[in-house]
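There is one chain below, alone, in structure tokens, taken in the form predicted on its own.
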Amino acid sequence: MSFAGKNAVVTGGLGFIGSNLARRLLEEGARVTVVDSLAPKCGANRHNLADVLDRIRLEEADLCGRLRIGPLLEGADFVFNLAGRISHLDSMTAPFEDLAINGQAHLSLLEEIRGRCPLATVVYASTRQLYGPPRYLPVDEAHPVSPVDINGVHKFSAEQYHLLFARHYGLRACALRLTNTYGPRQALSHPRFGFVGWFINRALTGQPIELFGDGAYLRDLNHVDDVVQAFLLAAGAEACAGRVFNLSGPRASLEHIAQVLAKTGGGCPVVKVEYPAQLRKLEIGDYYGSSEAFASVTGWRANPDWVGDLARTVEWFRGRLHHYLPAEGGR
């Protein structure tokens, strides 16, 4: 698929993955519109696109504001929908806020797409979290869905909205279930944005990386460049329409990941602590998925060199921490 001269809308485009995707689309020659509400706790960071603002259209808008969103979708060839909030714990303490951001907003967006640019291809950023505790490994797309938190329920609902619009209205929409993504421009300031970013925060500020329990749980990882490539491939493959796909990468234990980051960052301590009760309820145990279905359609594969990619990510953040941590160091 050539994106040269095409109109691409990226929702959540000031966030981690969205900003990397917007930058890649620019490189591919697309005309890029970034839409972001800059809602608190969603990870938006103006610095992520500061050096390319003269080449994109940036609009601050809430997806529920249909009078504002609608005109931004006129003439769109592609809509990459990465808006949302990813915090599992926040969803449990503010469920209706999570519903508005991760549910209602996406239904509103899809209604506008249906009316304004019904021929556009839509790729939605879903999550592996909706599977809940794995019943078997690796997890494939046939695995039962059983979220352990409200965020997972709402993300699944938004995913299903996209697939329903594909079935009933012929919208070329698909969903990618992301796992632990890391790389340049990710939010580091709070654990709500993912454990990898938080571990990088601790490593680069010289503070202990805390592992809950024994740190033995397995996780799979994807570098953001691989995830961006997956979004472009999904947008260009007709066979992806109306389907969901896992994006899975190399796997390692939480302790191994922590030790690699501690060493790369300068030698901060890695300590094991008791699992907080409120987080224990959200724990899913070992998780790693299968992306064979997506590979069979697109040929996509994740880079297996997660150690090297993590090291390069840490080096990218050196000298840029003031853009990604609050003044107190991200506590």
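Note that residue numbering follows the sequence shown and begins at 1. This one's a predicted model, so the numbers in the text were calculated from it and none came from an experiment.
Quick note: we don't show the form predicted in complex with another copy of the chain, though the next part is all about it.
Heavy atoms of Phe156 reach within 4.5 Å of another copy of the chain in the predicted bound form, making it an interface residue.
The closest non-hydrogen atom of Gly115 lies beyond 4.5 Å of another copy of the chain in the predicted bound form. In the predicted bound form, at least one heavy atom of Tyr169 sits within 4.5 Å of another copy of the chain. Under a 4.5 angstroms non-hydrogen atom cutoff, another copy of the chain in the predicted bound form has Glu111 among its neighbouring residues.
Contact check for Met92, Gln104 and Glu283: all three have a heavy atom within 4.5 Å of another copy of the chain in the predicted bound form. Note on the interface: of 27 to 35, 258 to 266, 275 to 283, 54 to 62, the segment with non-hydrogen atoms within 4.5 angstroms of another copy of the chain in the predicted bound form is 275 to 283. Think of it this way: in the predicted bound form, another copy of the chain has a heavy atom of just one of Leu137, Leu99, Ala241, Leu218 within 4.5 Å, and the residue is Leu99. Interface residue among Ala252, Val224, Val148, Leu211 relative to another copy of the chain in the predicted bound form, by the heavy atom within 4.5 Å criterion: Val148. Contact annotation for 36 to 68: a single residue, Arg66, has a non-hydrogen atom within 4.5 angstroms of another copy of the chain in the predicted bound form.
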